[in-house]
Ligand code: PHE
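Shown below, as structure tokens, is a lone chain in the form predicted on its own; questions about how it binds or moves come after it.
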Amino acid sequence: MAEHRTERGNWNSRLGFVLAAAGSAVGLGNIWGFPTQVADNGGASFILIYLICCLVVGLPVMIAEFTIGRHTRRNPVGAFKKLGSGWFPPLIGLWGVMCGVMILSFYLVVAGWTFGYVFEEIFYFAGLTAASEWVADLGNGFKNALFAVLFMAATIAIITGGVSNGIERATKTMMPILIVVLVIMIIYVFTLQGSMDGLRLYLLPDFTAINTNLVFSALGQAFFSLSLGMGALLTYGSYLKKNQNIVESAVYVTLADVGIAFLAGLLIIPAMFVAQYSGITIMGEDGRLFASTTLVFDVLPNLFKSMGGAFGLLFGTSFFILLSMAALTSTISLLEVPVSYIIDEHKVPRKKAAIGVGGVVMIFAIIVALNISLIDVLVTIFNNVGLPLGGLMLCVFLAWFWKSENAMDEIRHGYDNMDQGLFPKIWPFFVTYICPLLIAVVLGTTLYNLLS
């Protein structure tokens, strides 16, 4: 058993854990999905509702995932199996593992696009037009598969390094770089004509835009952007030491995720209006900003090209390297979920588990790369429906099967004087009633819209 525990590993520091968990949460959705949602839903009013949703729903569920993970020191399947009997507990874990695998299979393709566009920018500014157009063709199945495989190879290489030497070391390097690059690019964009129009749209609230659709969009974005419901944070929590404060760590992760999403908006929305000032179309016939995929892979590259010269090359390559790093921090956590399952339940060494699981997921990714219409199907099933369903089952299990008082006993480790504050009175109520209710409403609304 001692050898098996060593195989799983631990985080070396709280900072390493926070950055790794924040990296899991910070992905492509934060960099380009969130800014578009903000612009389409009343600017700063959406940011306000999103922040409330992160604190009211996201944070309590994140604490629940960390708590179950640390208490059991197992993967999602093993964790729920250890805490409960019957068919329901392991089903929750299996659903999380399945969602992680299927989301990773299409996420790799989109991540490959971002990495490919680093070369697209280089080829364009080097005058290699044919090569630039080849990389920019998102319908090119062979090219999609090639970059998805390269991205998975990088992910596997980090996972095989283990928790502290692989995941923690990589995210402790990438996350600070990501933030620094974001800030530098924001400062530069603010010097360009048209940026202040975007800044006003982004920061000035339009409270008349707040309605039920906006709230549901903000809640859905909060749930997805925090990587909840698919076992990634539960798995990361299983590597936590007993003396680490779960609540404090969860707060830091939530703030980091919200902060980077906010910074991404400060970059993307003003940059779009800079592009509009340069004559690039950024809105559709309905007067709304282009969808996020079009935004990243069409509008912004055109902006970089319009800059020309060294600035265009530097800005373009920096932006897509930034996106690639954000994507890599997420693919690491997505692959770690099934890898931890194989390590725990089947006693397979980490390196073999990472290569084996990564190889299987790579096959799925190649299938998606050759038929990108599958992305919308997988997003609908495993992202829009799967994640809220996983979060709902987790809350129900913790509150009604394992019981919140048992979870509180685990949270006390590392949280000195917990019982003297408001947390013991607030968190159990939220995770038992408020969170499941709101998640169920989002899930029900999503299913209704799909079926109607």
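Heads up, when I say rigid core I mean the largest set of C-alphas that superpose within 1.5 Å between the two forms. Keep in mind it's a predicted model, so treat the numbers as computed, not measured. Note that residue numbering follows the sequence shown and begins at 1.
Keep in mind that the form predicted in complex with the named molecule is missing from the display, and what follows is about it.
Taking a 4.5 Å heavy atom cutoff to the named molecule in the model of the complex, the contact residue among 225, 195, 324, 244 is 225. Checked against the named molecule in the model of the complex, the residues 238, 171, 105, 333 give one hit for a heavy atom within 4.5 Å, which is 333. Among residues of the shown chain, residue 58 is not one whose heavy atoms approach the named molecule to within 4.5 Å in the model of the complex. Interface membership of residue 391, defined by any non-hydrogen atom within 4.5 Å of the named molecule in the model of the complex, is ruled out. Proximity of residue 28 to the named molecule in the model of the complex: non-hydrogen atoms within 4.5 Å are present.
By the criterion of a heavy atom within 4.5 Å, residue 234 is excluded from the residues contacting the named molecule in the model of the complex. Proximity to the named molecule in the model of the complex, taken as heavy atoms within 4.5 Å, picks out 217-225 from the listed stretches 79-87, 278-286, 180-188, 217-225. Residue 33 shows a C-alpha shift of 2 Å or greater between this form and the one not shown [criterion: core-superposed Cα displacement of 2 Å].
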